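Next up is one chain by itself, shown in structure tokens, the form predicted on its own.
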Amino acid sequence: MQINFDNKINEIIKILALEAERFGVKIYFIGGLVRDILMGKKPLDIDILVEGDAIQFVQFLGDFVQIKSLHKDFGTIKTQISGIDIDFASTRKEKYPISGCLPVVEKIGCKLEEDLIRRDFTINAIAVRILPTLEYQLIDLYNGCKDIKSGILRVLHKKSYIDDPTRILRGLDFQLRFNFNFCDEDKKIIKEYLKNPNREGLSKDRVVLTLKKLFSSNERALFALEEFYKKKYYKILYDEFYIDVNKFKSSIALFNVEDFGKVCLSYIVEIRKEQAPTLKNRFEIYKYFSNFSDVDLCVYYLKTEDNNAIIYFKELKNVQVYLKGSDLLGMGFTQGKIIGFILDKITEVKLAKNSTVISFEDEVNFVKNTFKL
């Protein structure tokens, strides 16, 4: 197999392969890096799998490597070598005690075959042995190369989606990014799982992390949302869920949200969004929504259809009070509640329709005419 890195990276890889032989371990490229190379794409990250203990191997390398962080329980270590970020991982065997929970590591430094079987799809379970001669030996135990050529997503065992339901969402991400599709058998397994999902041990943090990646591209976000709803992938998290994609589009335009992937994510994750209490005037509307981002406003409106969010966004959001507490102290007012009261009154009068209090000077005159020292 041919892999073409630049000269600097080639030199680093050659040294690592020689040192691995000296240390007595085998090292491999794995996962996304191999998949991307086989798809003709330039790999963004360099990940190296050590058939053994990666942390011990990196420590053996000494000053050649700068250690950035390590995770002993999972046998992973982030490094920098001559300015190049390289992540090392130990081969490991895992199990899932409960559906959806974080995996429990049973063994660090297992055989390569045991590590590959724990991975999500065949396309990510292809390894490439790195030899000291800078030759690369392809190891494809599960026909991942064939599935890459066919654009097929296939798990490595039938319990895979039960063990980790986020693989369904990762599959959707691959579908949108690379035009892959679940194989017929996987479609059946997913459909069966979604009929009665077991959420007892579900790691919501893991689901959210996967959704963040799924909605990281504005170009794909709305289609991802539509598929998430249409294919009932929401059942990973909830029994019932409703999305109106056209309403999403109009609301995103209404609130001028640039990062609408965040709207999709927030809408899904924050399943409950209570409507504000009765807001009697523009000042109360301003106070209630003043800490809302445009994304928050959009999601709130999608969930509540409360027109106060529109009033705030279109009429009140950009109202600004220029006077500060220090200015009021300089005018002779004493420290205390009166300062906050005056600032609120300035805000209230500026929020009024057709207000004549606009500039800093207008605010000063309003205070002088309204409040006695």
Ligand code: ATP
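Computed from a predicted model, the values in this text were never measured in an experiment. Start at 1 with the first residue shown and count on from there.
The form predicted together with the ligand is left out here; the points below concern that form.
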Check your understanding: Quick one: of K158, R199, R177, K212, which gets a non-hydrogen atom within 4.5 angstroms of the ligand in the model of the complex?
Key -> R177
Point to revise | Candidate from R167, K287, K235, K262 lying within 4.5 Å of the ligand in the model of the complex - any heavy atom | key: R167
Check your understanding: Can we say S99, K187 and K191 each have a non-hydrogen atom within 4.5 Å of the ligand in the model of the complex?
Key -> no
Exercise for review: Report the stretch among 307 to 315, 333 to 341, 32 to 40, 320 to 328 that approaches the ligand in the model of the complex to within 4.5 Å, counting heavy atoms only.
Suggested key: 32 to 40
Point to revise | 4.5 Å heavy atom contact, D120 and the ligand in the model of the complex | key: yes
Check your understanding: Taking 4.5 angstroms as the cut-off for heavy atoms, does S266 touch the ligand in the model of the complex?
Key -> no
Check your understanding: With the cut-off set at 4.5 Å between non-hydrogen atoms, does R206 touch the ligand in the model of the complex?
Key -> yes
Exercise for review: Please run the contact check for T76 against the ligand in the model of the complex: heavy atoms, 4.5 angstroms, yes or no?
Suggested key: no
